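In structure tokens, the next block holds one chain alone, the form predicted alone.
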């Protein structure tokens, strides 16, 4: 650390007393503890922001001292994008969620997690379009896309974004929406946190007191037949019915296959569809019931273990057919460890009705997102890293011939500009222009990958 850096950090601590932590401090350890155990260089300091003014002070310090900057928006962060070897802006103290008086929108702080949102909406019989894990940060989920079990009826999380309060690279604070800073708003809807620090976001909420959902678990020995029936039924399901599936290790460490049906239409209307799923095989367990949406999301958290080594891959499939069935079964049969899992997420209904150019998100046709996850306890054994990475490479390659170009940007590793360019497709040039306008010096370079030409300056 140079004298200039030390002086800048000391001065920042004086400007924000009690809100700057350094290695060895308790708050520093908490802020840098991610879902995926960090293995690279750690931050020189963490700024625990409470207001947009705190964010402005941190950005000013980073620019003056030439420090790398990243944002910890509250989520579990599988890719480690929240950390850098410079200054980390921790928004965990900005988690308030306020429902509007007309109950049609919510205002959430930049550090709010899905759990914070659902606590506010559940008690009022409302829902927000969120992901399937309550520990995920709402801002990060929304800015990169936001698949979820309500996607057919309400679209992606970003399709529900109304406005965002943003501190830009030059320190100015703006509000972006359909009328103000329109190009910034467009870029935020799919382009991730590459344009500024989102200190608050307003999004639509919807009246939905309950849903019918839960897990149906089948033995792995029946995986092929379950998957074939899944492939057959998928195209005919109505927008109000999503059907996700997963292959993962059960409590005994042996693989199982599960279906996660979610009916978000009129109560009782989806019961016949769910009953058909019980005919797919020998159900080992079923938790399907009428429940609050927040209860469903919270119930899925038990499958996430923090502090492990985590690697992830993904692909988009235009359709799920016999080739996809074989690829999933073979991949899970050859899993590197019980920490390997494969999950699917539907893109359908309301999400496909948004014009391609209306947001930066680059794929608006029906498709299936396949998420491949490899996690295991950190044993400081590089051979374990390579073994799990090889499993991901092999599993992903099995889908390559049938996959759409690119992949979900929120699931792309840092620096994967080739697939990011393909993922944003015809929206890439406009996204590049927005990056050049709002962050020409590439201060915000730790977010999801952007198209190749958007790298204004080298990442180092």
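Remember, it's a predicted structure, so these values are computed and weren't measured experimentally. Numbering follows the first chain given and starts at 1.
Here the subject shifts to the form predicted in complex with a small molecule, a form of this protein not shown in this document.
Contact with the small molecule in the predicted complex, defined as any heavy atom within 4.5 Å, is confined among 277-285, 329-337, 193-201, 228-236 to 193-201. The putative spot formed by 185, 362 and 420 is not touched by the small molecule in the predicted complex; no residue has a non-hydrogen atom within 4.5 angstroms of it. Proximity to the small molecule in the predicted complex, defined as a heavy atom within 4.5 Å, singles out one entry of 132, 105, 210, 352, which is 132. Of the heavy atoms in residue 410, some are within 4.5 Å of the small molecule in the predicted complex.
Remark: residue 147 counts among the residues lining the small molecule in the predicted complex, judged by a heavy atom distance of 4.5 Å or less.
Though the partner is left out of this view, residue 447 does reach within 4.5 Å of the small molecule in the predicted complex, counting heavy atoms only. Under a 4.5 angstroms non-hydrogen atom cutoff, the small molecule in the predicted complex has residue 35 among its neighbouring residues.
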